[in-house]
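Heads up, the chain below is alone and in the form predicted on its own; it's given as structure tokens.
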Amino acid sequence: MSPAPRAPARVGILGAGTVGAALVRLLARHPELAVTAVLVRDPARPRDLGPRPPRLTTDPDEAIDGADIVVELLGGVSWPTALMARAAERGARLVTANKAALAEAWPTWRPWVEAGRVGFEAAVMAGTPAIGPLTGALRGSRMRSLEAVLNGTCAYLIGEMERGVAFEAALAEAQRLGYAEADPSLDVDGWDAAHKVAIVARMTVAPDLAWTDVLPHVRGVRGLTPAGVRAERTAGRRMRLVAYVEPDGAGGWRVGVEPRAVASDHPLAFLADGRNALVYRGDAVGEVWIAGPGAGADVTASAVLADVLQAARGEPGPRPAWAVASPLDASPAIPGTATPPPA
């Protein structure tokens, strides 16, 4: 006698912007998942939600109540975290792409993450897997260091400066093309990448890392000039905005973001515009390079959907490092990198 078919997992969605709308369209492919309601600010706003759009609501409780899985795609920190706390209290599994909330409100999120109740693959490199490998196969090694390019806007700006375009002109063009927001500070001042690398550090070596520990080590690309960037290229190096987790020389870890000139044979030197990459160095596995698209509605929604499917199967989400790991090498210097000279 065959088992009775299982009822679809009920999914509540908070937010229907570009990523939320893309997620709704992808969910339509999965009859084992049923969207209960989608929280929006303006139900009358035109959206492409596919041929069978779900119910829209301005009441968070309508999206949360009765949902087995609650997906948060609102952005921001305080309000989304409060809504996810409400969902957690009601027994839902949580999925988010919200790097700012995970980075800045870690004390609230940490118990849920430690319990395996949160999926957040999309929060670091969108649809390119980073959290999965770092908390899976790579846990067989002890980490020596990690470097990453995690912000496509800054990669575009540096590429334009290599071609001789002034920073302000490159930024204006990035805004025209939709690569940068009207207020670009989150990207160009390094905060977007800092949010992401804080998550990475907690999941790998420093579960107790506070957001305030990261703040002094965040520097963006505003100080770069075409002359300085091109001089590095002439010298055989490439400028990159590098997010890093590395030994601090005193038995701990330094986590931050800064422009660095990487050697021509460094994996990050080969990175094309618009792509993210992460270079992990471990004692047993050596150097592992993960690269792929790090932005885009469909790209991000695909990772969110993967987390939803994992939750629907009852599989736990990624968990942080069990304890603070001691660096194997007390030296903060990473082979193949150089701190750029002042612009």
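In this text, residue numbers run from 1 along the sequence as written. Since this is a predicted model, take the numbers as computed values, not measurements.
This next part talks about the form predicted together with L-homoserine, which is not shown.
- With the partner omitted here, the stretch from 310-318, 25-33, 287-295, 63-71 that lies within 4.5 Å of L-homoserine by heavy atoms in the predicted bound form is 287-295.
- Contact here is defined as any heavy atom lying within 4.5 Å of L-homoserine in the predicted bound form, and by that definition each of Lys99, Ala180 and Lys196 is a contact residue.
- Proximity to L-homoserine in the predicted bound form, defined as a heavy atom within 4.5 Å, holds among Ala201, Val95, Val221, Leu150 only for Leu150.
- Of the residues Asp187, Glu104, Glu160, Glu246, just one reaches L-homoserine in the predicted bound form with a heavy atom at 4.5 Å or closer; this is Asp187.
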